[in-house]
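Only one chain is included here, represented as structure tokens and corresponding to the form predicted alone.
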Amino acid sequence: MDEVDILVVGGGVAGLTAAAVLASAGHQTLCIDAAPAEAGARDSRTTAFLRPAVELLTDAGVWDRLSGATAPLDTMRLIDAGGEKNEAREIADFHAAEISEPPFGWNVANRDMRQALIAQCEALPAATLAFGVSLESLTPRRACQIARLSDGRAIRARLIVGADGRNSAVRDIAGIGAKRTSYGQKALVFTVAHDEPHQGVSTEIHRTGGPFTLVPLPDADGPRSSIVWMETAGEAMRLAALSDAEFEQALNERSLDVLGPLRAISPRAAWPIISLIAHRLTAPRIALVAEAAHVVPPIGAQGLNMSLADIAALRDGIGDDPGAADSLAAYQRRWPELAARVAGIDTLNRAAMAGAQPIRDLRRAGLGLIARARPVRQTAMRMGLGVRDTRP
């Protein structure tokens, strides 16, 4: 029977990050994923990696592999367009220079990040990757979990890290329940080209149905941005079915011309929007991270950044025996903060979806208050980054 310190179940961006981070900390780590290695090649999504996540990826030797594939995010711009007319009626700019050295973070295509993570894991002596392999069962023992894999192997691991997504097999096997909320929304994700430079500004426009977000990408034959367009499920599917010309017209109406005419240059992918919080983060010699532990709507670049914060907390809390009870108890103490963050993003998403005019007007008033009150604005930025308020 093979033995490892840590078995990571799930080979998406979060699982590969966990493998790279934990292996670089000296733990013998095996990462398995049921999908083939090339499964993420067509992923059209991008992720804004905020500074704490970038620090984690830098420590693990991953970030240096992304030279030329990142776009800095110096300013977060929120626009309320919830009036009777489809036009901006409140604009709030949040500048990274107010609270730290700019930028807030960098936007990276998921497929580029995945390639960098795989390359780094393959270069680490303590990391092993196994694609096309799934978890079939776990048998608990006092000093380990025995994992039986779909390739016939049995693995003795002192810690199982469940990084296998919102429908986590690890979570189910561990008997950990989860609260799941469906919003009846989908997000359309695609890439656009535009003539006006984005100047490092990520823009989130709120009207109804959910936010419409433009996130800078590295220039390639001109400025480009990634779009995440959240709508009710029915409206999202109607938009996805439009002809290219009809879709481009709807796209430019929704964007308020903030970057001039937009031209879609990638296929449209539709993703269902939910929130989820696991009832616990741990079981004996098991820790849940990322979407196995929590899922939030794509607002304020929170989702994957929360996931990487899980991995940082897990790394920092484990010692020579990574699955020891005291280490897992320390990690479990993260749960109240995560639950509060999931609840807060749930509230923001419901406000962004609002169709009733009085609620839209309250949303505008709240945005105006944050924009004009400097201490409130700075606190909101620190909370978004996931760092403590350290104002003098």
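Quick note: we count residues from 1 along the sequence shown, nothing fancier. Worth saying up front: this structure is predicted, and the values here are computed from it rather than measured.
The next section is about a form of this same protein that is not shown, the form predicted together with a small molecule.
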Flag this candidate site as yes only if 72, 197 and 225 all have a heavy atom within 4.5 Å of the small molecule in the predicted complex; otherwise mark no. no
Is residue 19 close enough to touch the small molecule in the predicted complex, meaning at least one heavy atom pair within 4.5 Å? no
Using 4.5 Å between non-hydrogen atoms, is residue 305 touching the small molecule in the predicted complex? yes
So, residue 35 and the small molecule: in the predicted complex, are they within 4.5 Å at any heavy atom pair? yes
When the contact criterion is heavy atoms within 4.5 Å, does residue 46 count as touching the small molecule in the predicted complex? yes
Go through 243-251, 156-164, 94-102, 258-266 and give me the stretch that gets within 4.5 Å of the small molecule in the predicted complex, heavy atoms only. 156-164
Quick one: from 313, 118, 133, 109, grab the residue that has a heavy atom within 4.5 Å of the small molecule in the predicted complex. 133
If the cut-off is 4.5 angstroms on heavy atoms, which of these, 214, 127, 239, 187, is the one near the small molecule in the predicted complex? 187
